[in-house]
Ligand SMILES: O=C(O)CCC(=O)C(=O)O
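Shown here is one chain on its own, the form predicted alone, set out as structure tokens.
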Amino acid sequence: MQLNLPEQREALIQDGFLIVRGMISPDELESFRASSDAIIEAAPRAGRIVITDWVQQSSADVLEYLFDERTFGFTRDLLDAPDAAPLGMWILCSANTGWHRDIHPFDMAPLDGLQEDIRMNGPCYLQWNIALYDDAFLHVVPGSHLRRNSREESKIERSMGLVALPGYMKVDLKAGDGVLYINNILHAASDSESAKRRTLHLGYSGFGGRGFAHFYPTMSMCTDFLDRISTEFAELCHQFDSLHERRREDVTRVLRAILDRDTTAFAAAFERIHPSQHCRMVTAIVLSKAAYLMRKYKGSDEKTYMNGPVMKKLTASFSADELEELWGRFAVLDSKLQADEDIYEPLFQSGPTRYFFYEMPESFGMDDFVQSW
């Protein structure tokens, strides 16, 4: 595994993905394969298995690998953030999905804003596919993470499968190789039913970087598996959990300041989560989405990933009446994110919606947002 961080970071920002050869040594591969098989055998049959739900001490080596310097450390450095933490860790056993971006307007800013944030502040979240067997299932459209869908791409639906798109390429990984990618890139996966697939799939979020996050996470680092891994990595997981908890506290401070119309407290709290002067409206929009979900799921037992432990903890800091009032603080901003009727753009993870897929609010900046309270 050869590292050249400046060149690799530049390639990642330019292309939207980065192939890293030899991330797992040949003598580790057999052990990781056996551990992955054990985790999969313990879990209900599925194309994607949550590693932390089914790992045991005998299979912990494959999980601990996701916390070492080749994965976690390298990603933290590419994120150019003081800290990072995992958001999810899976084993992919099968693949077959059409073209899409991991973008959904109900909890994210419009794509134009997200892309400008990446240009100005760097990515705040990155995903890996790390192959335990030769793996050529993932396909990407290089550079699509920094532009809108082309006219031809806008004619394609995810349900059409892996159709040929101009400029697309197959990501050809040999066993032990990995590909790191910015997840709003156009990507798809070919059918893997005829081959054994064991691909480690994981995401890392940056903490303390120039920007905030492109969505307020609905999941964080659980800690109920720590008795099954070594003390060294269990301690690291506690640090990850602390980062997620600190972020929740910071977001709570920002939202409380908005609720109280305390512009001084808001400025100080917002500076903590988004220190860069660039693309601050993206973070304001992400906070508006969090406020919407808090209001929607307050007191609800609905089983959805949007109503998970992270959102429940955040929501618990506010009463139902406060959440109604808080949502009112975002009313003007929210109205500027919507069309007059439903619109639809293929290859996003959303059906028809009034929320714009691309356009940021016109002539409406952070000062306007604060004044709208």
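In this text, residue numbers run from 1 along the sequence as written. Note that the structure is predicted; figures quoted are calculated from it, not measured.
What comes next is about the form predicted in complex with the ligand, which is not displayed.
Asks: With heavy atoms only and a cut-off of 4.5 Å, decide whether Asp262 touches the ligand in the model of the complex.
Replies: Heavy-atom contact with the ligand at 4.5 Å: absent for Asp262.
Asks: Does any part of Asn149 reach within 4.5 Å of the ligand in the model of the complex? Heavy atoms only, please.
Replies: Asn149: no, not in contact with the ligand in the model of the complex.
Asks: With heavy atoms only and a cut-off of 4.5 Å, decide whether Arg295 touches the ligand in the model of the complex.
Replies: Because no heavy atom of Arg295 falls inside 4.5 Å of the ligand in the model of the complex, the answer is no.
Asks: Does Ser242 reach the ligand in the model of the complex, with heavy atoms at most 4.5 Å apart?
Replies: No.
Asks: Given a 4.5 Å cut-off on heavy atoms, tell me which of 88-96, 252-260, 224-232, 207-215 is the interface stretch with the ligand in the model of the complex.
Replies: Of the options given, it is 88-96.
Asks: Just give me the single entry in Arg197, Arg280, Arg76, Lys289 that has a non-hydrogen atom within 4.5 angstroms of the ligand in the model of the complex.
Replies: That would be Arg197.
Asks: Since exactly one of Leu165, Cys237, Ile156, Ala189 fits, which has a heavy atom within 4.5 Å of the ligand in the model of the complex?
Replies: Checked against the cut-off, the match is Ala189.
Asks: Of 114-152, which residues get within 4.5 Å of the ligand in the model of the complex if you count heavy atoms?
Replies: Heavy-atom contacts to the ligand in the model of the complex: Gln127, Asn129, Leu138.
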